[in-house]
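The chain below stands alone, shown as structure tokens; this is the form predicted on its own.
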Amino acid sequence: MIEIHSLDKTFDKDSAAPVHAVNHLSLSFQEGITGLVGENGAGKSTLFRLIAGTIQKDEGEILIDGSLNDTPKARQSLFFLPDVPYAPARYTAFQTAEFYSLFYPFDFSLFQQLTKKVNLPLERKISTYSKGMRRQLFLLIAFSVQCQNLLLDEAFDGLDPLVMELIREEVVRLALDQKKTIVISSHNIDSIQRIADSLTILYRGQLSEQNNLSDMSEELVKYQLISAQEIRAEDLEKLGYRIASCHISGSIVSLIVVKKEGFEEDIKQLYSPTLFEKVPLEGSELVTAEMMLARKGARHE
């Protein structure tokens, strides 16, 4: 379990344009799989680095299984896989695993079993690996490290579909069988949604209003309509409605809006649509819409 209390981090404090990367953030990551999502610059990687202690916080407290994150006990229970992992130059894949085993308890039997499944050549130097192969290797190292808490930054980047399926299966197995706390950041919202027990959405270092798909589905609704009149999000927002997105494809306008009484009646009265219907929202659409609402809210602060 990872607990974060009033965490704050600003880069370039003395410059003309300081960057408030994490803004007095409080949250916890429980046992199981949490998907951490947000657009570029939301603070995902900075949050991971703060938890892992590779950068220092300005304020706040981070606890890993009840211990402060800068203590030896906490460090031994956490493994952080960054977007660009470190490996000594000229090492083979197996030597890279041996290198990480110097710092963490390591299950070599599991590591070799997993590498066989994806046909990774362990005696090849990783400098000859493709980006996708390097990502596979380091994920399998992360799975073989015997830590109860895993932070996986951009975990699915560069993986082909077959390998991604195996990786997802292994993540779920670790969470269920070994009761690990696994936090995964990724731009691939669909992949995270398929395996995550919960989602955490960051925007400018803060939590978005909703961080649960069921809550989002209760808050948001999607409409498709056809009208002879131009439909613009800004016109609807002037009427007091919160519009997450307004997309036009041919003659069809798709609107994702925050539910509010009177919306459907206003649309019918203002635009006399020849088509006006609710349509289901996919999980990735819900998350993207929530991030768009967070961005719009920040503009008006």
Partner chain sequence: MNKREFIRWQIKEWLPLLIGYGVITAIFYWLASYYGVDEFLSYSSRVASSVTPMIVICVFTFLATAFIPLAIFSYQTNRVRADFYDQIPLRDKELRRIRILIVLISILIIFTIVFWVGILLTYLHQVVLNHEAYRRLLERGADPNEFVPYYFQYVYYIPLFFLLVLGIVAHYFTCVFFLSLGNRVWDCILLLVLGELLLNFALQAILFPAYVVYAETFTSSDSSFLRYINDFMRLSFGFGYYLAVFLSFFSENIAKTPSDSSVPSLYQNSAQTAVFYINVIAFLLIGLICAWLMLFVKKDPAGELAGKAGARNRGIAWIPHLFMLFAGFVMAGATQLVIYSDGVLIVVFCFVLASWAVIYFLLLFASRSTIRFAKQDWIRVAIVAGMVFLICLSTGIAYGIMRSYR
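Note that the coordinates shown come from a computational prediction; the quantities given were computed from them, not determined experimentally. Numbering follows the first chain given and starts at 1.
There is also a form predicted in complex with the partner chain; it is not shown, and the following applies to it.
Asker: State the residue from 54, 274, 251, 269 whose non-hydrogen atoms include one within 4.5 Å of the partner chain in the model of the complex.
Answerer: Comparing distances to the partner chain in the model of the complex, the residue within 4.5 Å is 54.
Asker: Against the partner chain in the model of the complex, would residue 85 count as a contact residue? Criterion: heavy atoms within 4.5 Å.
Answerer: Residue 85 belongs to the contact set for the partner chain.
Asker: Evaluate residue 31 for contact with the partner chain in the model of the complex, applying a 4.5 angstroms cut-off between non-hydrogen atoms, and reply yes or no.
Answerer: Judged by the heavy-atom cut-off of 4.5 Å, residue 31 is well away from the partner chain in the model of the complex.
Asker: Looking in the model of the complex, any heavy atom of residue 198 within 4.5 Å of the partner chain?
Answerer: Outside the cut-off, so no.
Asker: Indicate whether residue 75 is a 4.5 Å heavy atom neighbour of the partner chain in the model of the complex.
Answerer: Yes, contact at 4.5 Å.
Asker: Sort through 227 to 235, 161 to 169, 98 to 106, 178 to 186 and report the only stretch with a non-hydrogen atom within 4.5 Å of the partner chain in the model of the complex.
Answerer: So the stretch in question is 98 to 106.
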